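A lone chain, given as structure tokens: the form predicted on its own.
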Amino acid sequence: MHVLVLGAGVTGVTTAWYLARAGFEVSVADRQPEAALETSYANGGQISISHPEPWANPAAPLNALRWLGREDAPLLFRPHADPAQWAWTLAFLRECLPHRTRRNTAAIASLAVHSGERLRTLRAETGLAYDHLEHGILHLFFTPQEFARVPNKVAELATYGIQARSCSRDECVAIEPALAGTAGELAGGLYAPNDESGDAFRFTQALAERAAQAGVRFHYSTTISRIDHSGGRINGIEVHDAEGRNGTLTAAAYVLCLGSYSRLLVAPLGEHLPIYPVKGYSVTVPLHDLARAPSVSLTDESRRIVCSRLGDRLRVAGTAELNGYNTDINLARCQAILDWLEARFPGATDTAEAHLWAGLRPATPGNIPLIGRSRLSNLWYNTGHGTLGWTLACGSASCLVDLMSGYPAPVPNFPFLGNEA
């Protein structure tokens, strides 16, 4: 059976890979000239299985109010006269209820654990190189109040099969010696030794090359205009190339992996996806002094900033901005990330050579990605992964292929679409 995957980011390419491995004939369409040039290009670099709690949690509304008016706030809301933005925001607030947060956390954790296993298997099978490190992730807490909640977090993670431990200030420095210069500000940490880091862009490009060698056809520089459909089925995907030439791509089945743009494409079909773009920022800087730079991936839980070593570079990312489909770089928000870097690891990097980036993360209100069959018989979804697209990529793709092949997905507690059919 021929399957057309719409989108060549990390989600689309992993979907194509697992489809091809399962014996499907696979094509991929993307508007960019190469794979992973949009949201997958410069994310935080973490495979963060130990952070399944969604942004929508009981503390989020109060934090959002506390951050109002701050241009460098971890969460920045720029209201638009856009009904979709307001509907998403109201749904986000509903997902902040404690019982919904618990349900969503359990679902994300279940998929994340499976995804980590699938990534390790894929890497062992292919030998892909993408600046990955298996040094774990160290979550940092800078107030006694935040650190006091760590034992409960460790216990909760254990119920999901995720290994983590509470760390004193000295233990944090022992795990990552580069923290020694600012250790006095630390209250403590949470260390997840089985987490990883790596460059999602390099991974996706390398996997796309392997997929092409395995027979997957990539239609790059191909912009999707609309979906032709009738009788509850898709007939074809109308597209145009970089020279403006029009055409139609057809297949027996279609998988939507277009991130934040998924909602816009299928709305004319009567499909209403609860996805809204949340802009994130990153800075990538060359290393200047290796001894001062961290090699363990870090998460500053107070500032919502993450830091990953990617070969001879350091990637620092964070913040969330609800500003529609705007991808302009806000220099104030990037400067806040650079200030964090200089304060934590002075002299470790050459910030004058910083590469600034912003991308749209496709967020659902509860951070639960949409995976499974749509209401159209030959359209499937693998989209809406929010901040966890890299973490969940391999698990989401392999589970979707199981569902498309008629098998149950091996992930309990996850609300796959179409299971009621």
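Remember, predicted model here, so these are calculated numbers, not experimental data. Heads up: residue numbers just count along the shown sequence, starting at 1.
Keep in mind the form predicted together with a small molecule is missing from the figure; the text below concerns it.
Remark: Leu207 does not count among the residues lining the small molecule in the model of the complex, judged by a heavy atom distance of 4.5 Å or less. Proximity of Tyr191 to the small molecule in the model of the complex falls outside the 4.5 Å heavy atom cutoff. Within this chain, Gly259 lines the site of the small molecule in the model of the complex, having a heavy atom no more than 4.5 Å away. Remark: Cys96 does not count among the residues lining the small molecule in the model of the complex, judged by a heavy atom distance of 4.5 Å or less. Proximity to the small molecule in the model of the complex, defined as a heavy atom within 4.5 Å, holds among Gly395, Gly386, Gly366, Pro52 only for Gly386.
In the model of the complex, every residue of the candidate spot (Gln32, Gln46 and Thr223) has a heavy atom lying within 4.5 Å of the small molecule. Stretch-level contact check against the small molecule in the model of the complex with heavy atoms at 4.5 Å: of 273 to 281, 174 to 182, 210 to 218, 100 to 108, the positive one is 273 to 281.
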